[in-house]
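Just one chain is shown here, as C-alpha cells, and it is the form predicted on its own.
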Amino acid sequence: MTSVAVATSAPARARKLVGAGRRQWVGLIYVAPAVALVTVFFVIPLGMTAWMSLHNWPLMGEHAFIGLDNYFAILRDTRFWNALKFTAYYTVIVTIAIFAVAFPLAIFIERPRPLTNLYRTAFFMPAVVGFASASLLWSWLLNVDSGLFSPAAFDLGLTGKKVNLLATFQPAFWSIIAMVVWKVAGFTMIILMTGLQSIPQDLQEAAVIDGAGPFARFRAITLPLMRRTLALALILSVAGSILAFDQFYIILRGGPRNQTLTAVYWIFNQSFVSFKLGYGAALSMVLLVILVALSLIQLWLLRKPEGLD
C-alpha cells in the first residue's frame, strides 16, 4: 500500500516541479523587456560614465587613462562646490515651497465636492508641460519689456518703472522658485492626495468623536499614516531639485554674475562647453553618490515606525 502511494505521488511532484519551472520562465519573459531597458539606458551608461571619469577624455582626439586625477581635481574646483552649495540652498527652499502649496491643495481636492474634478485638472495641468517649455514661457513672462509681470506692474502703478526681475539675484531666484512651484505643485498634490485618500475614514471619525481638533488629527493620524507617501513625494522633489538645469539655463543662463549656477549646469559647462568629458563624467558620479545618499537618508528618516500598520 505504501509503495503504491509513493509511486502515485512521484509523478505528481514531478508535475508540480515542471509547473513551477514554467511559471518562473514565464515571469522571466515578462520582466525581460524592463531588464533590457534598464540595462541599456541605465546600467551600461552608468558603467561608461564611471569609465570615462578615470580618463582625460577630450571631445576630439585620443583619451588617456589618468586614474583618480579627475576626482582629486574636483576637490580643488571651487566653482563646483559653490554650485553645489547653491543647489542645496535652492533644493531646500523650493521643496518647502512645493509642499507648502501642494499639501493644502491636496486636502482641498481630496473629498468630492462641486467642481472637484475641474479643480484637480486645473491644478495638475502645469505638470504636463515640459520644463523646457515652461522655462520658455516664463522667460517671456519675466521679460522686462515684452513680458507680462513687469509691464503689468508698471501699468497698474505698482512700480515707478519697469523692473527687470532677472537683473539681480533675489528677484531672479524667487522668480525661478515661483515658476517651479507653478510647474510641480500639481504633481506633488496628486501624490499627496492618494495618500490622504488611503487613510481610513473610520479613524478620522473616531478622533472627531473623541474630541480631537483638525490639527490634532493631522498630527496624530494624517502625518503618521502618510509616511510612505511623504517619502515618495519628498524624494522626487529633492532629486528633481538637485538635478535642476532647464530653468536656470533657459531663463537665467547662470546669471546674474554666475550666482545661479547649479551642479548640473556646471557639469554641462565642463562637458559640452569646455569639452572636458572625463572631468564632467567624474562630476556626474560625485553628484550621483550625493543623490543616492540623500535618498537613503530620507527613506531612513521617514521609515515606518515598528508596530504601525
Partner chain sequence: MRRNTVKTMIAKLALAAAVIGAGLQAASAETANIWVRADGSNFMPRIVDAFNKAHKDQIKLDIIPNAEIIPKYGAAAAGGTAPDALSLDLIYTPSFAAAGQLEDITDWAKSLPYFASLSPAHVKTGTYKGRIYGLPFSADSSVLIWNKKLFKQAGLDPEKGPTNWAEIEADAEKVNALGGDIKGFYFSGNCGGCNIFTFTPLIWASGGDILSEDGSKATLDSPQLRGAVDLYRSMVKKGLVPEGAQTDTGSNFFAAFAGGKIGISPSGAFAIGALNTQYPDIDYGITFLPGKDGGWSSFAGGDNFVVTKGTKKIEVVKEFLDFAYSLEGQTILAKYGSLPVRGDIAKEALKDLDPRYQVAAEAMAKGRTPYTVVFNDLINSANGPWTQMVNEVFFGDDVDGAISNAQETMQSIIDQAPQK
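This is a predicted model, so every value here is computed, not measured. Numbering follows the first chain given and starts at 1.
In what follows, reference is made to the form predicted in complex with the partner chain, a form of this protein that is not presented.
- Only one of 26 to 34, 236 to 244, 264 to 272, 278 to 286 places residue heavy atoms within 4.5 angstroms of the partner chain in the predicted bound form, namely 264 to 272.
- In the predicted bound form, at least one heavy atom of N164 sits within 4.5 Å of the partner chain.
- Contact annotation: I66 falls outside 4.5 Å of the partner chain in the predicted bound form, judged by heavy atom distances.
- Proximity of D145 to the partner chain in the predicted bound form: non-hydrogen atoms within 4.5 Å are present.
- Heavy atoms of V38 never reach within 4.5 Å of the partner chain in the predicted bound form, leaving it off the interface.
- Looking at the partner chain in the predicted bound form, residues I44, L59 and G254 each place a heavy atom within 4.5 Å of it.
- Of the residues in 70 to 87, only R79 comes within 4.5 Å of the partner chain in the predicted bound form through at least one heavy atom.
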